[in-house]
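Below you'll find only one chain, the form predicted on its own, shown as structure tokens.
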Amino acid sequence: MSNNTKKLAHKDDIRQPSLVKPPIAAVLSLILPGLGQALARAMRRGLLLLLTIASIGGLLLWRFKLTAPRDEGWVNIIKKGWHLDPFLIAVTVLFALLYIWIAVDAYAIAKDRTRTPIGVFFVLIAVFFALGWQIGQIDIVTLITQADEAGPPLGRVAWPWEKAIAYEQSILAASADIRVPCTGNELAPNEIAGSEPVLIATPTCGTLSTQDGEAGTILHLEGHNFAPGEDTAIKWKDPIGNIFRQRQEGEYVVVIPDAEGYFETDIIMPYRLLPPSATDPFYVWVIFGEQTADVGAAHLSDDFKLVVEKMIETIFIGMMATFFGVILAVPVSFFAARNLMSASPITLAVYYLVRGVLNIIRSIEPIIWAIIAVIVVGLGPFAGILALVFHSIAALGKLYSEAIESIDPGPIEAIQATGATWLQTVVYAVVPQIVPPFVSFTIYRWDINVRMSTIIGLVGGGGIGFLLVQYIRILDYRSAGMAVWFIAITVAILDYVSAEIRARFV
């Protein structure tokens, strides 16, 4: 037998013969997957295959139940699942193939004790891949056919700098009152008087669209004396003073006056949920056309200034979190180093305790710590700093302790031979060896904290992340693009700075 075969096969599989004949092993694995492998003295392989087939079967039944939640009986559920989601047919076929292949694998192992067939694991990977494809609801066709819809938003994100410059604006607007509902005492329409903008709505009363999709009254709008050729946004003000823009066919309603400042358009009255207090005689809606024109010198926009402010806040969140994290992680790391804490059962117990606490803290992501911190101290950068400090202590404590464990034991033994105390050993034998890796890990953690501070802002931890998610929610992609650009530029600069510092001190 070759050396490669020996490496692939477990030594117990080679030395001990199978307890059953190959055909019997195959049949037993058909009855209970993995049983044939176990009786062929491949116990771990059989157990692994049994647990795997049980997991995949459970996942497959779960997907069928989700696809056909209203059906009763597994036969009906499976049939309905195949009908509604044909991809489940492919997953079922792969599952059946895996089931059969496990029996084939049991036959091969029982027949030739020097072989370790790997074909079953390729089938296993295929089944998990198919399940992942179905659970992940991957739809390549939708991705390709609808990719062009992401073009305009991504374009605004990629080049958002038009939003960085602002001008003083003059507003030209005209409005018309609409009574809801019609009461027989309609409002008089506006009249053209002089050169001031006028908006005339016909009729001056109507009904709103309903939640179930029934369209409201169609109003015919005529605008006079507006600025020629300038976009005119059509907006509404409800009876309680809220101003909003209406969409028709997925787009905001915008009209462009002709050379004489005239336009006309039809608009459907919108759906709006109002409190009980908004009743007649105050149930009057206002529709208005609004033009804005840029006047005066260019200056940095408020959005640009806010992005810069929040980016600076983000940098300092990362810096303060790293500062406090290092201060608290350094002493903890010495108690988490096995080579320093194995002198007695008491110190060894302290080592295991500290390691366990660090592992628990590190296993909880910073964004979860941020949510907890927000509950305690409220929204803002302090919550973000607390979240990153907790995670930094655990992460740096682990890295620092591993650096301590990997130091040369010679200086430690020499210092201890002189009768030095534990503290003297640390100061004179450990610290000189750990300064370079400590500096490297600290810089790396600072870089991570700045990156993470953009993420924890999404849950209220302050910084630019909080601002970014607000821009995305209101579909302001240009402002969101400025935030993304500043994040990328800041991370690139910090990466360069950290590389320079590491080159000088490490």
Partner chain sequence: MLEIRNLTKIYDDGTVALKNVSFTVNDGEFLVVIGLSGSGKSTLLRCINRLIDPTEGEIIWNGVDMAQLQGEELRKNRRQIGMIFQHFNLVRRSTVLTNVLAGRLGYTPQRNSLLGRFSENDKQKAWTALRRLGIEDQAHKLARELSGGQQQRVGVARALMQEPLMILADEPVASLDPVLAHSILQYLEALNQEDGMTVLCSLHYLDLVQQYSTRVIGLRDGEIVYHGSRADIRAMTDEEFKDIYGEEAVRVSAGLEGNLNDNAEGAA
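Residue numbers count along the first chain shown, from 1. Just so it is clear, the model here is predicted, and its values are computed rather than measured.
This protein has a second form, the form predicted together with the partner chain, left out of what is shown; the following refers to that one.
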Residue 87: touches the partner chain in the model of the complex, heavy atom cutoff 4.5 angstroms
no
With the cut-off set at 4.5 Å between non-hydrogen atoms, does residue 155 touch the partner chain in the model of the complex?
no
Would residue 418 sit within 4.5 Å of the partner chain in the model of the complex, counting heavy atoms only?
yes
The partner chain contact at residue 432 in the model of the complex, heavy atom, 4.5 Å
yes
Please identify, from 54-62, 32-40, 435-443, 451-459, the stretch that has a heavy atom within 4.5 Å of the partner chain in the model of the complex.
435-443
Just one of 151, 250, 410, 345 has a heavy atom within 4.5 angstroms of the partner chain in the model of the complex, so which one?
410
Would you kindly say which of 376, 297, 188, 423 lies with a heavy atom within 4.5 Å of the partner chain in the model of the complex?
423
